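Next comes just one chain, in C-alpha cells: the form predicted alone.
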C-alpha cells in the first residue's frame, strides 16, 4: 500500500468480528507493526467523548470501521430497533470523532442490503437510493445508508480527511457468527447441517423456498480488496465501491454444497411459508475489477475452510 507504511498505526474497530479479524490478519501479513485494537469493555464506540479521547491518544493513520450490529433475517426481524439504533450510534460517534481528531483515512463498510429490493442485477453503485430496500432488513439498511452519506458529507464539508465507503456482499469465513438465530445464512447453515449430521437426523428444515440467489465473498478477500483500493483508488469521490466475486448461487445450491462438505446425506426441506428476503442480491463489481483486483477464495474452498474453523472452535470449547 503506497499510502501507508508498516509503521502506520491502524485502528481496526470491531477486530473480533468477521471482517475485523480478517483485516487484522491481512495487515499482519503485509508487515504492519501497529495494529490497534480495543475490546468493547474498554471502549464503547457509541460514546463519542470516550472515542475522541481514545483517538487523541492513539493517533491512528487509518481507521477501519468494522464494528456494528449485524445478523440474518431472524435477527433483523426480532431486533429491528436495536439494528438501527446501535449502528447509527456507532456512526454518529466514530465518524465525526475521526474527522475532528484528524484521522487521515477511514474505511466504512456498507452492505448490499442498502440497495433497493427491486434493483437491476447485478447492482451498480448508481442504483443506491433509487428505491426502497428489502423490508426485512430495512432498519439496518437505513443505518448503513446514513453512514455512507455521513462519509460523503464529511469529505465534502471539511476536505481534510479521506473517508472511503465500500460495499461488500455476503461475507463469511473464520470468525463468523454460527448461531442459527443471529447469524447470516452460510454460517447458520453450517451449524444446523453439522448438528443434523451429528444427531443422525434424516432431514433438515430450512427457512424459505431456497430460490433466492446470493453472492458470497470470503472475509479475507474483502480485507484484501480494501488494501488494494487504498493503493489504487485514493480519491474518495470514486466511492462507494462494490466488493464482490461476480457470481451468485441459490440458497438451495448453497445448502447442498455445505451438506456435501459436512457429509450430511439427509434431505434438505425448504419451508416456503417462511420469508425469503430479496429475490437476488448480486453486486456489479466491475469498477473494482477494472482496477485489476480479483478474489482469491472460491466458494467451495471457503466453505471447507470455514467449516474446519467452526470444528476447531468447538474442539477448543470442549477441551477448554
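Residue numbers count along the first chain shown, from 1. Here the structure is a predicted model, which is why all the values come from computation and not from measurement.
Absent from the display: the form predicted together with a small molecule. The rest refers to it.
In terms of contact with the small molecule in the predicted complex, the residue from 119, 84, 185, 166 that brings a heavy atom within 4.5 Å is 185. Between the options 178, 207, 172, 239, the residue in contact with the small molecule in the predicted complex by a heavy atom within 4.5 angstroms is 207. Using a 4.5 Å heavy atom cutoff, none of 15, 63 and 97 lies near the small molecule in the predicted complex.
In the predicted complex, residue 276 approaches the small molecule with a heavy atom inside 4.5 Å. Taking non-hydrogen atoms only, residue 46 never approaches the small molecule to within 4.5 angstroms in the predicted complex. Contact between residue 154 and the small molecule in the predicted complex is not found at the 4.5 Å heavy atom cutoff. Residue contact with the small molecule in the predicted complex: residue 251 places a heavy atom within 4.5 Å of it. Comment: 188-196 is the region of 225-233, 158-166, 188-196, 143-151 lying near the small molecule in the predicted complex, near meaning a non-hydrogen atom within 4.5 Å.
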